[in-house]
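Below you will find one chain, with nothing else, as structure tokens; this is the form predicted on its own, and questions on how it binds or moves follow later.
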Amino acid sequence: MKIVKKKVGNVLVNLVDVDKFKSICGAIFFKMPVTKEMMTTRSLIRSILLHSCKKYPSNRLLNINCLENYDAYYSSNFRRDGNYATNYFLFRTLDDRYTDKQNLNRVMDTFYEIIFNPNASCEKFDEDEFNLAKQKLRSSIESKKERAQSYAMDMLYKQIGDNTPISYVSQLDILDKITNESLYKEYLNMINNSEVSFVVAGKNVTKLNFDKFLEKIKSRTYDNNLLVKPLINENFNEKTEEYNGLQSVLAVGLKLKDLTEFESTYVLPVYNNILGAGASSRLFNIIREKHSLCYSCFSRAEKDDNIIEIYAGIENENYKKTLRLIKEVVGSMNKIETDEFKRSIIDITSSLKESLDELSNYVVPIYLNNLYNEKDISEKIEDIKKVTKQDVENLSKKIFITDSFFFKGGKTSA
């Protein structure tokens, strides 16, 4: 794998030569400091832009164009990383070695049209598409309680967020205030005031010229602090909400304090793997296998927010015991067994190696490596191997279990 970095105007470009795929995959990223409103507005923008554009003013016409270009694929996503929000748009198509020689040019032309020439006029999106996107997002927010795990995690984020970006989620009251005109203004804000990056991966892409696609794109630079540093609660904050679902959900929050760059990048994944990431983790073995208290149980580390989330799907009567055991497991992480440490290193390095078998894993991770100032996957594997058992035990002293949210099922509907 060879990576070439350059600038086209103010746009940071990464060209990743990898020769084991027959496709080319790329993405453009629009990064800005996050606001609470963006969690709602940017989700709408993501939906509208992928539905049609001025050149292909219906979803049917856009899909026909994709099929005509050897089933080219386009997608979009929105993510928050710490104090930043990023909308990104991805394309994937067969390499020109396997098509006619103008296929990539046509795909890039459609890609540009989707992002920069939306189906809009008079500074408004198409009214039907705006209403459709808004209704879809409304339905998703209103039905969140039906997805108990997602709802419990959102409520935990609000609880531990302390009005930081951790607590930002899509909200109905913000959605209700969005007009077609205001959303179009936010779209213009995105394309005119973002820090823009472009990543492409595939065989011999360093020999390709994407300047025509990039040269008119505006980009600025932000130097805001990336990481969120939540306040550490002095007292454990325990909340319960009832609902009429069948399964109850327990979500537990851990906050991290004063981690070094090495700890957050390399030691934290090992700690989390031992704690709750996988079928050999302590949470799974003790809470599910040994005590049969839950249907599922896992943990997830968010280095940008300095938190770890723990999830358990349980019965109501198992709440107190499950919470007690989670606290005990977290407390026990100051002593790590050699076998589980070695198994964790193998799990993580194997997962990183397997990720190289998917072309798209050369695109978004490159953007994130730049965002976090990290190394590429091959170098990351070597640094993971440098983590010691003592590093993991020392990290446990910087981790505090602070919050829980119990989404209690079985409530009788009124």
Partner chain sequence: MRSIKIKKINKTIYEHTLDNGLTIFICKMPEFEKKLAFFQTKYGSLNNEFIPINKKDFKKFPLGIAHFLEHKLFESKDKNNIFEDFQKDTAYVNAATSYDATYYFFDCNENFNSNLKRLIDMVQSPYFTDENVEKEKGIIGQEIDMYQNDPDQTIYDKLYYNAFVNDPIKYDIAGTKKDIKCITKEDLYECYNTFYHPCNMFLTIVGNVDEKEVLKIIEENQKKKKFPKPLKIVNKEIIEPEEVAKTKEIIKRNVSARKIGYGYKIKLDKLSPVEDFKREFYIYTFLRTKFGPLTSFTEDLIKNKLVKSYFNYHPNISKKYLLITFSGDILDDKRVKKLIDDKLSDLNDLKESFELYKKESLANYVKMFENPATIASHIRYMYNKYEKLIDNCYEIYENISFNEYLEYIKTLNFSNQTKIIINENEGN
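Since we're looking at a predicted model, the values are computed, not measured. Positions refer to the first chain, counted from 1.
Although it is not shown, the form predicted together with its partner chain is what the next lines describe.
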Whether Cys122 contacts its partner chain in the predicted complex should be assessed with a 4.5 Å heavy atom distance threshold; does it?
no
Please run the contact check for Thr322 against its partner chain in the predicted complex: heavy atoms, 4.5 angstroms, yes or no?
no
Report whether the minimum heavy atom distance between Tyr372 and its partner chain in the predicted complex is within 4.5 Å.
no
Give a yes/no on whether Phe284 approaches its partner chain to within 4.5 Å in the predicted complex, heavy atoms considered.
yes
To verify the annotation, which of these, Val196, Met155, Ile174, Leu94, has a non-hydrogen atom within 4.5 Å of its partner chain in the predicted complex?
Leu94
Which pick from Phe262, Phe236, Tyr295, Tyr222 sits with a heavy atom within 4.5 Å of its partner chain in the predicted complex?
Tyr295
When its partner chain is placed as it is in the predicted complex, which of 183 to 191, 94 to 102, 162 to 170, 329 to 337 ends up with heavy atoms within 4.5 Å of it?
94 to 102
Counting only heavy atoms and a 4.5 Å cut-off, does its partner chain in the predicted complex sit next to every one of Ser43, Lys203 and Ile401?
no
Using a 4.5 Å cut-off on heavy atoms, which residues of 105 to 140 contact its partner chain in the predicted complex?
Asp128, Leu132, Gln135, Lys136, Ser139
